[in-house]
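Below you will find one chain, with nothing else, as structure tokens; this is the form predicted on its own, and questions on how it binds or moves follow later.
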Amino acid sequence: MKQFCDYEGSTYRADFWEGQGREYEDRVERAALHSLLPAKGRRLLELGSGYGRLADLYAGCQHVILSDRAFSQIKQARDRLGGDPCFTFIVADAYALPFVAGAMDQVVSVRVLHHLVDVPAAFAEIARVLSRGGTYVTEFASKRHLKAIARYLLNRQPPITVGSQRANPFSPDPYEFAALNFDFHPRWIERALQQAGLKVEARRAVSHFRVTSLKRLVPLGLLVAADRALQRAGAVWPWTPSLFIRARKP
């Protein structure tokens, strides 16, 4: 069994999203996901859905399956959304999804890849359950963001392991900055998608202004509007800490 980041029993919703002033991150991620999702669909699967933070964005789908490795997270999602017959809630492993091949029109994973030790294996499983022409929208933490580049050029990047080696934002290999927490190079992710048989067709650069001082000084609505305006253009040369990709199964 592969290692996984255990959120069982965690207070992720209260501590991370509701208690840390992350309204900006939530809104810009929603904007990117909304712009990349097809307007309608028959069946959508979200991997690592947690408590169902993004579930309202899936209104165009007839059937939405929210899945997570942690039972406690799925229970929170069911408590929030269980009255809606469009939703199904399951505990599932991204490496062994309990669906027949081609069962899903759409798959979504946001803030999930950075906890996976074997992203290519997860991509292969996602490609298996996608129908022909189906879409996969994913988000990942980029190692080639502006702050990491500046730290690297100033020789202030933290070491990868105990020793002198430093994290290089330009190298293709994933960077494990904490246990089971990975940053990825955009080209590495796109190559892994292609190897799984998924064709990249759209990108969004997200969280251009993820700086504590900016979030304190600039009104939230203005920051979100500026980020949304930059998401499509910023994907040409992405320097943000978060990137979204839409890929399709030919």
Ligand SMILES: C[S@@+](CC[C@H](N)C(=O)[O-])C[C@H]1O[C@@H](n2cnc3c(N)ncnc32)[C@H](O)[C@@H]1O
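The shown structure was predicted, so the numbers you read here are calculated from the model rather than taken from an experiment. Start at 1 with the first residue shown and count on from there.
Separately, the form predicted in complex with this ligand exists; it is not shown, and the next lines address it.
Asks: Considering this ligand in the predicted complex, find the one stretch among 171-179, 75-83, 142-150, 89-97 with heavy atoms no farther than 4.5 Å from it.
Replies: One stretch meets the cut-off, namely 89-97.
Asks: Quick one: from 37, 196, 224, 70, grab the residue that has a heavy atom within 4.5 Å of this ligand in the predicted complex.
Replies: Of the listed residues, the single hit is 70.
Asks: Should residue 208 be classed as touching this ligand in the predicted complex when contacts are defined as heavy atoms within 4.5 Å?
Replies: Contact with this ligand, no.
Asks: Within a 4.5 Å heavy atom cut-off, is residue 115 in contact with this ligand in the predicted complex?
Replies: Flag for residue 115 set to yes.
Asks: Can residue 57 be called a contact residue for this ligand in the predicted complex at 4.5 Å between heavy atoms?
Replies: Result no; residue 57 lies far from this ligand in the predicted complex.
Asks: Going by a heavy atom distance of 4.5 Å, is residue 43 a contact of this ligand in the predicted complex?
Replies: No.
Asks: Please tell me whether the candidate spot formed by 12, 17 and 49 is one where all three residues come within 4.5 Å of this ligand in the predicted complex (heavy atoms).
Replies: So, yes: the whole triplet contacts this ligand.
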